[in-house]
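Okay, here we've got a single chain as structure tokens, the form predicted on its own, with questions on binding and movement later.
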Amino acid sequence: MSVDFNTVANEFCKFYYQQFDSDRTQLGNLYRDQSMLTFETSQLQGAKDIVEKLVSLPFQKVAHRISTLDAQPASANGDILVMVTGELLIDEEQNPQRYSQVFHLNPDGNSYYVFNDIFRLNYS
């Protein structure tokens, strides 16, 4: 199966951020029990704990704006490594916060799931 890793990365990020911005509770299907999230200094493993963390974040409204997106094949098994930088608009804030996020996507049948997710705010 020949996969265009750039297309997969772009489509995944578009879906992920639209879902995150509209209803974070629905992100669980993108993770598995062995998935890991590092969010700033917190590390969590498993879809349930990851979604609980994302839902507990202290804001109601959020909008992700992607500035850069880079992807590479990560193994002969079809894994894809994705690096995203962008801006977050949170609640009624006028000044966006910059962020970086890395996804390690693993193939699962005809789709992909997030094996690793690393998120950091970039303070300047």
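These numbers were taken from a predicted model, which means no experiment stands behind them. For every residue, the number given is its place in the sequence shown, counted from 1.
The form predicted together with a further copy of the same chain is left out here; the points below concern that form.
The candidate site formed by M36, T68 and H104 is fully in contact with a further copy of the same chain in the model of the complex, as each residue has a non-hydrogen atom within 4.5 angstroms of it. Within this chain, H64 is remote from the site of a further copy of the same chain in the model of the complex, having no heavy atom within 4.5 Å. Contact annotation for E92: none of its heavy atoms lies within 4.5 Å of a further copy of the same chain in the model of the complex. In the model of the complex, at least one heavy atom of T85 sits within 4.5 Å of a heavy atom of a further copy of the same chain. At a distance threshold of 4.5 angstroms between non-hydrogen atoms, F115 is in contact with a further copy of the same chain in the model of the complex.
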